[in-house]
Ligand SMILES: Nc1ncnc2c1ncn2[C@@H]1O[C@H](COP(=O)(O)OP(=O)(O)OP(=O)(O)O)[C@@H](O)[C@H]1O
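Before any questions on how it binds or moves, here is one chain, the form predicted on its own, in structure tokens.
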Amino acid sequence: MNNGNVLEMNGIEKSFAGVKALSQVDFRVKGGEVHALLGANGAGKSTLMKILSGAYEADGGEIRINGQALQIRSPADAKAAGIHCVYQEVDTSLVPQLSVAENILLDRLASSRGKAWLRWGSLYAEAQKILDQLGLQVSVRQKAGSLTLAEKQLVLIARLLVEEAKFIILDEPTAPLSLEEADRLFLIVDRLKAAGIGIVFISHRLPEVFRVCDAISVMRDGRMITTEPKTNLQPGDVIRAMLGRSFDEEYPKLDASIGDVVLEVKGVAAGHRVRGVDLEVRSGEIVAVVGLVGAGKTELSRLLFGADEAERGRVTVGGKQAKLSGPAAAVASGIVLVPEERRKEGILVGESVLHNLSLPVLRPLSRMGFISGSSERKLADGMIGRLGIKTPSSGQLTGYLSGGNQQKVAIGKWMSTEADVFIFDEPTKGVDVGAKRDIFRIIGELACQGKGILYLTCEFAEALGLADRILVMCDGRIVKQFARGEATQEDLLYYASAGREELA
């Protein structure tokens, strides 16, 4: 259903420190339409949406709704025009100490300050009505901080319905969700569309783009490359538009020599999430651990990195027992981790690329307690070039980089250490196809250097494309092993879902 609303961005320009980020960008979305906005990291799509949502002010161009020009200089201006954004980091948009109802009606409560009383019964009833529309079965009196990520996301969408949004930006909405939760979100998107709301859908997952979207726009290098109805495009067309070239080798597999066992894990367990895991990784070998959300992959990675304490089990690196009393001890034992939540645990977003890359190796860069600035810059500049990190300079704050470049920094900070084992937990989460290929290449090069790679993922295709061996995890246990070329995605999904060999 089209409610007649049309949002247009015409000739949008934006530069940062003299570097052009957007050049004459046109973008259009209609009410009742789901319009995908795609592009590799650094293509400009986030900058364009920050201008639309009021976080940035454009240097040139105009924004119109139904032909009427808008002055959007702040998020409040955008909201007043009916433009709202649901960001990937939903926790930053909710107040965890407040109830679900208070979060849904937050703007109204803020505007009612100073009034003598509020009709809480009516507020709770209104919030419940919105939740019923979305099919979200949680108590409106429950604290928002106790909800799952998927439930928090739906609470934010409920807030937008209360505020009568005309256009909604969904930024990587399925990145933190399981397959079941994503399916539920798609049903909500269909309802929003049927209500005449225009949706800008930003995602790196092409299958879901082709599932839910009506139109697709692709950006590259700060310009709009193509806008077409979904029916006119194939996934290969989109990838070529995003990269400017054919993406023939999605999973580059370098020929690494596999040697002796470098990591051995015996009976490692903690609580219900990791229930006695045995595995081994050889030098030069990429071992993937695949499983659905909740299988225990992240919990296993944290145990092996010393971030959490195991109740039992033994871990050896190069035949020597690893000390896992904490992350520093794990690094000293030769184990490093690139975690799933890179912004929270993998990088320091408020520090420069330079300081992030040098942090684990400050001692070798120091003399008599003082860090050598020239040595630090040389290290960082070399790593930026080696990994293809796109940044204006090594002094750029890491939090301002695109997701894929932040991930390269999270990997790069360990590459100057003497680690023998690299653990990657969902390393391509929220990363575009171009940056994925770079990350796969980096992992392959580490394997060629004789490093042992443990690659934990719920993306089965990645495991099939990259791994020398695949271990399937279900309910905290390794339930099946496949050599390279033995398994299909269906095989992996079967064991990840059932977890019992005898059902085969």
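What you see is a predicted model, and the numbers here were worked out from it, not measured in a lab. Superpose the two forms; the largest set of C-alphas matching within 1.5 Å is the rigid core. Position 1 is the first residue in the sequence shown; the rest follow in order.
Missing here is the form predicted in complex with the ligand; even so, the following discussion is about that form.
Heavy atoms within 4.5 Å of the ligand in the model of the complex are found in exactly one of 44 to 52, 435 to 443, 65 to 73, 474 to 482, that being 44 to 52. A heavy atom within 4.5 Å of the ligand in the model of the complex is found for exactly one of T174, S402, T298, S358: S402. This chain appears without its partner; in the model of the complex, the one residue of S375, T417, S99, Q396 with a heavy atom within 4.5 Å of the ligand is Q396. Residue contact check for K390: one or more of its heavy atoms lie within 4.5 Å of the ligand in the model of the complex. Put simply, Y56 is close to the ligand in the model of the complex: some heavy atom of it is within 4.5 Å. When contacts are judged by a 4.5 Å heavy atom cut-off, L456 does not count as touching the ligand in the model of the complex.
Not displayed here, the ligand is kept clear of M9 by more than 4.5 Å at the level of heavy atoms in the model of the complex. With contact defined as any non-hydrogen atom lying within 4.5 angstroms of the ligand in the model of the complex, H204 is the only contacting residue in 189 to 208.
In the core-superposed comparison between this form and the one not shown, G318 has its Cα shifted by less than 2 Å. G196: CA moves less than 2 Å between this form and the one not shown after rigid-core fitting.
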